[in-house]
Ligand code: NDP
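The chain that follows stands alone, in the form predicted alone, written as structure tokens.
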């Protein structure tokens, strides 16, 4: 496969965690990846780790006005975009009545408005080639109620609805749109959060039939499947990758 014929993917928030795992899986499979994020140092470290098929281009997804320019830069430097993974996101744990309007809007801006704007700009180019794949990152917070994450829950539930609406509108034009709903995935941050809240930790494991937390690589595998020809007849699904957490009792 020549460099010119390799597929090109954008992974937002690709410098760490789940985004890095998705980018890593894509690179391993010979897909060129542009990782985007706010932290240049983190992007550079990830790029060095992933090698020559990975390119780092800084982008703050909350700066909606900058997104068209970012997408154009990717195309100018690397060619047509085949895959978009909307992974960048933020969370905030706070009692319902303590959440300010500004805080609520900030989470919606990052997790929902930015996903819409990024998708819209990429789709404009995907329509020209009548081909493409978009993967949104949802959450267990869209599958059932979780306390103290009201803005996050609202944003991720909206992502599910947007994924289905996009799929219905864009699939006839050759663009598949799906989402992944990760369960409790291991990271330093989640480990720390659960260790500091033994009751929540016990609850997580009690309702996860497989009895463990997932690894970022599990989400990478799912993203690669959805982006591959193996999933060419799959669109509009929200795929839980959660060890059964969403159906656990």
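Numbering follows the first chain given and starts at 1. Keep in mind the model is a prediction, meaning the values are calculated, not measured.
The same protein has a further form, the form predicted together with this ligand, not shown here; the description that follows concerns it.
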- Query: Three residues, 119, 132 and 163; all within 4.5 Å of this ligand in the predicted complex via heavy atoms?
  - Reply: no
- Note: this ligand not shown here; in the predicted complex, the stretch from 85 to 93, 67 to 75, 164 to 172, 119 to 127 having heavy atoms within 4.5 Å of it is 85 to 93
- residue 178 near this ligand in the predicted complex, any heavy atom under 4.5 Å? no
- Taking heavy atoms only, is residue 197 within 4.5 angstroms of this ligand in the predicted complex? no
- Task: May I ask you to check whether residue 223 falls inside a 4.5 Å heavy atom distance of this ligand in the predicted complex?
- Result: no
- Task: Would you please decide whether residue 62 lies within 4.5 angstroms of this ligand in the predicted complex, comparing each non-hydrogen atom pair?
- Result: yes
- Note on the structure: Checking 55, 201, 38, 207 against this ligand in the predicted complex, the residue with a non-hydrogen atom inside 4.5 angstroms turns out to be 38
- Task: Scan 116 to 153 and note down the residues that get a heavy atom within 4.5 Å of this ligand in the predicted complex; none is a fine answer too.
- Result: 137, 138, 139, 152
